[in-house]
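First comes one chain, alone, set out as structure tokens in the form predicted alone.
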Amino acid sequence: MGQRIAISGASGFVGRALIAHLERSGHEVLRLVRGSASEPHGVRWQPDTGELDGRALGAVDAVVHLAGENVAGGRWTPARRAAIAASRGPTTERLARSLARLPVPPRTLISASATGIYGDCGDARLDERTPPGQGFLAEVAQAWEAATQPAASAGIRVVHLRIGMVLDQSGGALARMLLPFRLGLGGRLGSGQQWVSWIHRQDLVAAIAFLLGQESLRGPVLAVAPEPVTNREFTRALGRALRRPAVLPVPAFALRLLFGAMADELLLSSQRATPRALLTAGFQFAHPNLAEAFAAALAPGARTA
């Protein structure tokens, strides 16, 4: 039986694919949108104030909260840092309070988080039991997850979806890599020894749909493929998938000159994460292997929703 599900960040890289997946599966999807909700199935939501049109929303089974400022959208100036932080913790808390006040609160809130919560962990193996680390992204992610407490206190099942690098040719990190790699200008970042926790976009949306029906799962859930790789392995695999050399490394100092602190936390940081909760619950990845995931993501007929 289909559920009635509301989604924030519905127009984003993950949100678009999630809506298509859920609607194909027979669910009714509502979109939480800023300002006027003139589009079909739109529900007015003001992230800056927390105002939510409860009458238009009605009773929903679940809310999937994906909205947030792009952390890779530019150099981390003080203004960018403030915008990134404000779009996560405070916005999520306002949404959680609005959901808690509804006459009939949703049963489930799946709220995006990120593997950046662990900080730079070198070769250590990580899962949902690993404590948070240090750094700007780790602090933002901790505040992001803590902000859902008003929903949890109202009896809503809360899942913190710790998302790794999402792979699809239509957006995200992979889309930004394609041009230099196709020109033969790709290569490892820094030493290349940092671990990359990744997931194909198809598996991410399937995992979210899976979690909607897993009433026993709550708290942190890693949304990453079961086979993390080093950055060196990642860039080599992408080069092979594109049939291009990937032998031009970018030194760490050059990345720091270009991107400042963002280089250390986003490009050179290491998270070797395993999706223990999803695997234990029986979720099956369609693309657990990186080479196969690249082949699927780069296929000419791949979905670009």
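The first residue of the shown sequence is 1; numbering continues from there. All figures in this text were calculated on a predicted structure; none of them were measured in a lab.
Another form exists, predicted in complex with a small molecule; not displayed. Remarks below refer to it.
- Residues placing heavy atoms within 4.5 Å of the small molecule in the model of the complex fall in a single listed stretch, namely 108-116, out of 177-185, 151-159, 108-116, 124-132.
- Against the small molecule in the model of the complex, the set V14, L66 and I163 is in full contact: each member has a heavy atom within 4.5 Å.
- Distance criterion of 4.5 Å from any heavy atom to the small molecule in the model of the complex singles out P47 from the list P47, P249, G42, G239.
- Only one of the listed residues (T230, Q202, Q169, S87) places a non-hydrogen atom within 4.5 angstroms of the small molecule in the model of the complex, and that residue is S87.
- By the criterion of a heavy atom within 4.5 Å, R256 is excluded from the residues contacting the small molecule in the model of the complex.
- Contact annotation for L290: none of its heavy atoms lies within 4.5 Å of the small molecule in the model of the complex.
- Using a 4.5 Å cutoff between non-hydrogen atoms, R244 does not count as a contact of the small molecule in the model of the complex.
- Residue contact check for A296: none of its heavy atoms lie within 4.5 Å of the small molecule in the model of the complex.
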